[in-house]
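Encoded as structure tokens, the following chain is the form predicted on its own, with no partner shown.
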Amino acid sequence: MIVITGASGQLGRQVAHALAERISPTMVTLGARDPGKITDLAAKGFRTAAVDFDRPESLATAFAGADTALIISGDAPSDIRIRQHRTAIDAAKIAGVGRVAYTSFTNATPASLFPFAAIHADSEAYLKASGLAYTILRNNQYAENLTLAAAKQTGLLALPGIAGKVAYISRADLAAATAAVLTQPGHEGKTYELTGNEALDLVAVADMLAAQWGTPVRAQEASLSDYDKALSDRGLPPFVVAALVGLRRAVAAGEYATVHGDAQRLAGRPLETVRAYLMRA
């Protein structure tokens, strides 16, 4: 039995679909705080369970009898997420889960300019020290993070760090690689760097959009203070604003520019290029 936490999220759903291409959905339990959000997946044969990182008893129930568990990182301030991830790892150990896979992030080190990197660094270290068999999946930025609506309206991609390159990868490709890790032997004790096959800056992305839309699009450097204000004006929580500002600083510093072949090798097929993603987005 494979158990997935955070299955109602966009990545969790993609992993579920990728697993259904490899094994019977009846061999997978999808956990979500509100299972009502994944009734469509239940209709496809997946088992579902209420799983909440703040309710250890729900984790214990979901993990019971699991051979493999995928802990998908949560969404909360750093101190809360660190506690939640540790709780999930503890629950997996108590339940006797055979192996735990964890969705980390590229450059998961406290030295990163991205504030959430410290969460992943702690979770990786805690998982390794737990005694559980583990696999760490360090996901680079989603291609889906390239927000295009404003660019189409204004002809501008205005962000800090436009010259920083990122090896973007689509959620579908991450899901395919993750499904392979969850269903195949030989991944114990491994840390995989899951990236796309090319690293692009926003200048290159703007050129691709201009060619696709047949209208001028250019990347424009924005100040960190202006970006911070724009995010705050949208009503985002302060911890999210700080994280997004830090992410752009990390991009500018080149933290996400290294390309690795792990994702394509695990997926067993060519990865979607950013250009191809933009054409269908």
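We number the residues from 1 along the sequence you see. Everything numeric in this text was worked out from a predicted model, so none of it was measured.
Separately, the form predicted in complex with a small molecule exists; it is not shown, and the next lines address it.
- The partner is absent here, but in the predicted complex a heavy atom of Asp54, alone among Asp54, Asp233, Asp226, Asp40, sits within 4.5 Å of the small molecule.
- Site residues Thr135, Thr191 and Gly196 are none of them in contact with the small molecule in the predicted complex, judged by any heavy atom within 4.5 Å.
- Contact annotation: Pro25 falls outside 4.5 Å of the small molecule in the predicted complex, judged by heavy atom distances.
- Among residues of the shown chain, Gln184 is not one whose heavy atoms approach the small molecule to within 4.5 Å in the predicted complex.
- Although the partner is absent here, Ser73 lies within 4.5 Å of the small molecule in the predicted complex, judged by heavy atoms.
- Mapping the unseen interface onto this chain, Thr87 falls outside it, with no heavy atom inside 4.5 Å of the small molecule in the predicted complex.
- Only one listed stretch (152 to 160, 200 to 208, 135 to 143, 90 to 98) carries heavy atoms within 4.5 Å of the small molecule in the predicted complex, and that stretch is 135 to 143.
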